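In the block that follows, a single chain appears as C-alpha cells, in the form predicted on its own.
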C-alpha cells in the first residue's frame, strides 16, 4: 500500500487521523519488508499485530501464510479492514484496546492469543509460546504493552516492534547509563535484544515528531527465573528504582529484612552504597534467586 493509496482511502472515507491514538502509518515498502524479514515467519506461525491502521503490514504478514490476529482500537479503521481483508481466511480482526485485551488475558494458562493454535505432526498443540508479535506499536502505549507481554508466562517467542527510538534505546541499555532502568529490566528478564534499525520520519504518514526504530526481541529459553521468582523480581526492581538516586539497600529494606539483604549483597559483592542503575540485569537476577531461597 503506497502513500498515494493511503491518502486516497482516507479522503474517500473522510477519515481524519487522531493524534491521541498514535496514528502515524508506516507506508514505506522497504521498511515494511525489513520488519517482516526480522520476524522470520513461516506458515505455521501465529502472529499478533497491534494497531494495523490501514493494513500495509497486515498484507505482508498474511502473505507469509501465518495466522494473524490484528487488534485495532479505531472503529472506523476496523470497518475498513474488515472490508479490505474480507477474503482472508487466516486473519482474525478485533476492534478492541490492545492493552486492555492483554490485561484481560494476563491470567490465562496458555497464551494471550485468541486464535487457534496449529497442531504439529503428532496431532498435539505446540508450546503456547510459539507465537510472535509483529507490530508498529502506538507510541503512547508501546512500553506497557511490551512489559505486559514480556512478563506473561507464555509470551511471544519473538517480538518485532516499531516504536519510539528513545524507548528502544531504554530497552537495550547497559547498566550505569542514563537510559538503563525499570523498562530495561522488566523486558530484559525474559527477552534478549537483537537487531535495531532506525526508520526515518518520512516513511510514516503523517510524519511523527519523534525518531523511530524497529527492534527485535527474542524470548530467553529456558527462562532465567520461575513464575514465583519472576514475581519477586518485578517487585524487587520496582522498589529498587522507585527513587533512582537513592541507595538500593535503603529502598529494599523497607520491604525485606535488612539482615537478609546484607547477606545477599555480600555474597554478590554489591556495595551497600550502590544505586540500582549500576546493578546489571544478571546481578539483579542472582539477587532475586538468593532472596527467594
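Numbering follows the first chain given and starts at 1. As the structure is a computational prediction, the values presented were derived from the model and not from experiment.
Heads up, the form predicted together with a small molecule isn't pictured, but that's what we're talking about next.
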- request: Tell me, please, which stretch of 239-247, 258-266, 221-229, 64-72 lies within 4.5 angstroms of the small molecule in the model of the complex when heavy atoms are compared?
  value: 64-72
statement: in the model of the complex, the residue from 161, 98, 189, 149 with a non-hydrogen atom within 4.5 Å of the small molecule is 98
field: Single option in 91, 199, 215, 77 placed near the small molecule in the model of the complex, where near means a heavy atom within 4.5 Å
entry: 77
field: Exercise: residue 184 in contact with the small molecule in the model of the complex, heavy atom 4.5 Å
entry: no
message: So, residue 133 and the small molecule: in the model of the complex, are they within 4.5 Å at any heavy atom pair?
response: no
- request: Could you confirm whether residue 25 comes within 4.5 Å of the small molecule in the model of the complex, counting heavy atoms only?
  value: yes
message: Taking any heavy atom pair closer than or equal to 4.5 Å as contact, tell me whether residue 165 reaches the small molecule in the model of the complex.
response: no
